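First, one chain by itself in structure tokens, the form predicted alone.
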Amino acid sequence: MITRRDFLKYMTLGSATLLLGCAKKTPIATPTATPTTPTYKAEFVLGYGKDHRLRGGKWGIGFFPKIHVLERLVEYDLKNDDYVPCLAKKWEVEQDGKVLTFELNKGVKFSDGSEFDAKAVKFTVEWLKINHPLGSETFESAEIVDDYTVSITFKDAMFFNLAKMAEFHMSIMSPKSVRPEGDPKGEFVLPIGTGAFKVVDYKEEQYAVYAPNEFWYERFGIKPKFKRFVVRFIKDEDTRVMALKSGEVDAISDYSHGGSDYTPRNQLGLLQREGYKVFKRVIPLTWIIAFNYKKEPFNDVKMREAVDLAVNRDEVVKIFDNQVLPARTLFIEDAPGVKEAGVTYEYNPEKAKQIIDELGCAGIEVNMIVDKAQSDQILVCQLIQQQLKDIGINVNLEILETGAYKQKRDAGEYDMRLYYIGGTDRRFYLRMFWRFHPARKWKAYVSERTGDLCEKILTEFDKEKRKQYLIEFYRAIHEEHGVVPLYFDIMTTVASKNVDISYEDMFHYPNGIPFGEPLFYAVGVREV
């Protein structure tokens, strides 16, 4: 099938040839080549670092099928800080956000041909409330108003409720996904959704096979370029790269969650020079130094400031072949309120050394833990170790097996560690809650001031007021040197030369909604 873009390209070329012919008054038209419609292989194979958990688990199915098999009521536009329609066409906020009433799009079908309606939303909410950690802490109930309208009652009244509805975990599934059908306490079988893919086959820790959901493609007026989409689970990052180079897979992609199981950043440039197609998108996921800020020595804001000033972020990103960006702000520029806050993180080792000398802490020893499984993070920690040594802080670097790392982390047996805040676009407010709210276990930093601002951010529906709270929050974190931003992470896909895909299709829905995670509805492998 010839795409609209190709059609316009060929028409433009053809028109140019005719105009040139008229200008030269050529008596006989020069023959032009007839464009041929590309043909595609029936199967597309992706290398991926995580099992898709298509039989479910504590946190449900994996993120990849949540994006490709299921859809959500709303999506999030980070740049405009807007929640935009997806399965819901509009919604009404009631009781200060305690209740959200969604009017659903009509004519949407699940991949088995059954109709998407209010019953499916009510079932999903009830299933999540019973079976999912985020659902159990979020929902009170869901009531059907009519066939295409549903009211969801939340446990708390806050803007955060709407933000959660764009989250991976809140994706809507058919009542037929469980047995007995429609029973929230029933046995989970396989996910049935309204998204671009439907599940065909699955073998745990080995592969997942999908096919195009014809009803999704019809809804957007496009046609798939493959009949089967195979995902091979290849845990080791270097093995995934080798599978791409050997032709065993057509593309490799990062874990949709962000922050782990990704293509090594320092191999992206090499792959691109070898002719592979590299797609990358900067996301609001910032890697930071997190302090054990409730105990000495980093309960002192001046000590945290010294570390902040001592870190050369330009040197940090060299570890990743400059494929990631140095974090001079808390989040990327597109995140709401960042530009308006007007705060930047600077590199000033002379000032850092002066602070340490004034505190009488020259030669102080601190402990930094790092997970052995994160090889590039070890390099980052080693660089930080050297940079802090230059200002008089001696860092004892503990490289630990994952289990031992988590044990020390949870017990608070460390002074510093690497951590991440934010995530893909849809998780911006969720991670604000998880990392900076006083009530959460996985805190990066909380003070009385920042905790109060975090609460206000998550409560406020008015976008302009919320932005002002965000501005104040960024300034507070900076003034208190609560964390040390290091670099902004990316989401990537690397594809073979004969794979057809554009950046726009990879990171946007067909209707233009921006996506932080790579999408594969438009990929195709050209027959050679």
Partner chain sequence: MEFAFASEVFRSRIFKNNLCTIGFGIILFIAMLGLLAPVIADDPYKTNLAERLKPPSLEHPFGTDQLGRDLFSRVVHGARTSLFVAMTISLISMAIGCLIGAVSGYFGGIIDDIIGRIIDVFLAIPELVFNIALVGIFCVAYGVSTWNVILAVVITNWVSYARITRGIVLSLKEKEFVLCAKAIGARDSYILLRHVIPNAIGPIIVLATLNMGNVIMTIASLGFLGLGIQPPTPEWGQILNSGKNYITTAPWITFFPGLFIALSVLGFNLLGEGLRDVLEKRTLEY
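Numbering follows the first chain given and starts at 1. As the structure is a computational prediction, the values presented were derived from the model and not from experiment.
What comes next is about the form predicted in complex with its partner chain, which is not displayed.
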Based on heavy atom distances of 4.5 Å or less, which listed stretch (313 to 321, 143 to 151, 108 to 116, 176 to 184) is in contact with its partner chain in the predicted bound form? 313 to 321
Just give me the single entry in 130, 270, 243, 361 that has a non-hydrogen atom within 4.5 angstroms of its partner chain in the predicted bound form. 270
The one residue among 190, 222, 399, 209 placing a heavy atom within 4.5 Å of its partner chain in the predicted bound form is 399
Can you check whether residue 90 is within 4.5 Å of its partner chain in the predicted bound form, heavy atom basis? no
Contact flag, residue 372 vs its partner chain in the predicted bound form, heavy atom cut 4.5 Å: yes
Is there a heavy atom of residue 386 lying 4.5 Å or less from a heavy atom of its partner chain in the predicted bound form? yes
Using a 4.5 Å heavy atom cut-off, state whether residue 343 contacts its partner chain in the predicted bound form. no
Where, within 356 to 382, is there a heavy atom within 4.5 Å of its partner chain in the predicted bound form? Residue list please. 372, 378, 379, 382
